[in-house]
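What follows is a single chain, given as structure tokens, in the form predicted alone.
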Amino acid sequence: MVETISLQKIKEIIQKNSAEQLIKIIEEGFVLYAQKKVVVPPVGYLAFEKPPGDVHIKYGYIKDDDYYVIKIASGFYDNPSLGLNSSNGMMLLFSQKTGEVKSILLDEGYLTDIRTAVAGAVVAKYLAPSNVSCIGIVGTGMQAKLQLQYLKSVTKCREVIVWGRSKEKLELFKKDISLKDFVIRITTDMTQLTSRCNLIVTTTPSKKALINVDDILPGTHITAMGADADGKQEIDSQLITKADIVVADSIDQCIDHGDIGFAIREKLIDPSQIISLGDVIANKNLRRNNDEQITIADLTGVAIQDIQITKYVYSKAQE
């Protein structure tokens, strides 16, 4: 029989095991991906207008592994007004040897949220300045909160400024008990964030650049993860040209529909200037070498993350 793993069981597994374990498996996945040991076809994508939403279908496998994975994840952005989570979906685990369905993980988008947050921690581990004075979080949704929770594993900084458009959502964010370890200030003025924070994470579905080229401090690292579909943009294209190091989780994906893609289409940077995240993890010479460098990582989400976290949860469920 096919094993079905419930959301409750998935959460128990994730919460019982350490962030460091998740960081390790996601790191390993990015390195394998950069080494071209992973087969990842182009992302399947559905866009909806009424109500606004999107669905990503990501799938792939590690060569000579036991499994392959298909992930379906949706985001419908009016859902919170209906009392529903904006994210939903499932992970499907198959045998790479026989094609049999081994497990259905009814995660409702939870594992996508977790593996995305873990990727943010991975990026900060290798690219953030050695002395993080203040963390800037752009956005007030679930991913914004998860980013902070996983950043605890890779930085000692607990000072945070959060930007959002809604004062009500900002106030709720500030009061969230899961973030009690942080000292959180809130603002609707982006320059208050960019003028004080040297580690910034953007988590919105914006279709207009939110951070401008002249606003950031020397030595700032930015992890941009909201532009995961065509038309979405959080970072000024000129800012990408200003960066000393530009990193992508998937160079092809980021050129196609990430923040980097805008700079490429405007001929502001050349694709050869982009470094794969897996190569940064594997080669310390590709990381920042001082705290004055500006670094940007564009994360569009890669199927290897889904493969790794699905296999991890399935293996823990068998114990």
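Each residue number is its position in the shown sequence, starting from 1. What we label the rigid core is the largest C-alpha set whose atoms superpose within 1.5 Å from one form to the other. Quick caveat, the model's predicted, so the values are computed rather than measured.
Although it is not shown, the form predicted together with a further copy of the same chain is what the next lines describe.
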The chain here is shown without a further copy of the same chain. Which stretch in 235-243, 212-220, 127-135, 102-110 comes within 4.5 angstroms of it in the predicted complex, by heavy atom distance? 102-110
Please state whether every one of the three residues 173, 182 and 188 places a non-hydrogen atom within 4.5 angstroms of a further copy of the same chain in the predicted complex. no
Is residue 142 a contact residue for a further copy of the same chain in the predicted complex, using a 4.5 Å heavy atom cut-off? no
Contact label in the predicted complex: residue 61 to a further copy of the same chain, heavy atom within 4.5 Å: yes
Partner proximity in the predicted complex: residue 55 to a further copy of the same chain, non-hydrogen atom cutoff 4.5 Å: yes
Is it the case that residue 96, even though its partner is missing from this view, gets within 4.5 Å of a further copy of the same chain in the predicted complex, heavy atoms only? yes
Heavy atom within 4.5 Å of a further copy of the same chain in the predicted complex: which of 161, 90, 148, 154? 90
Heavy atom within 4.5 Å of a further copy of the same chain in the predicted complex: which residues of 43-59 meet that condition, in order? 44, 45, 46, 47, 48, 50, 51, 55, 57, 59
Exceeds or equals 2 Å, Cα of residue 86 between the shown form and the other one, core fit: yes
For residue 120, decide whether the Cα shift between the shown form and the other one is 2 Å or greater, given a superposition on the rigid core. no
So, does residue 129 move by 2 Å or more at the CA between the shown form and the other one, with the core held fixed? no
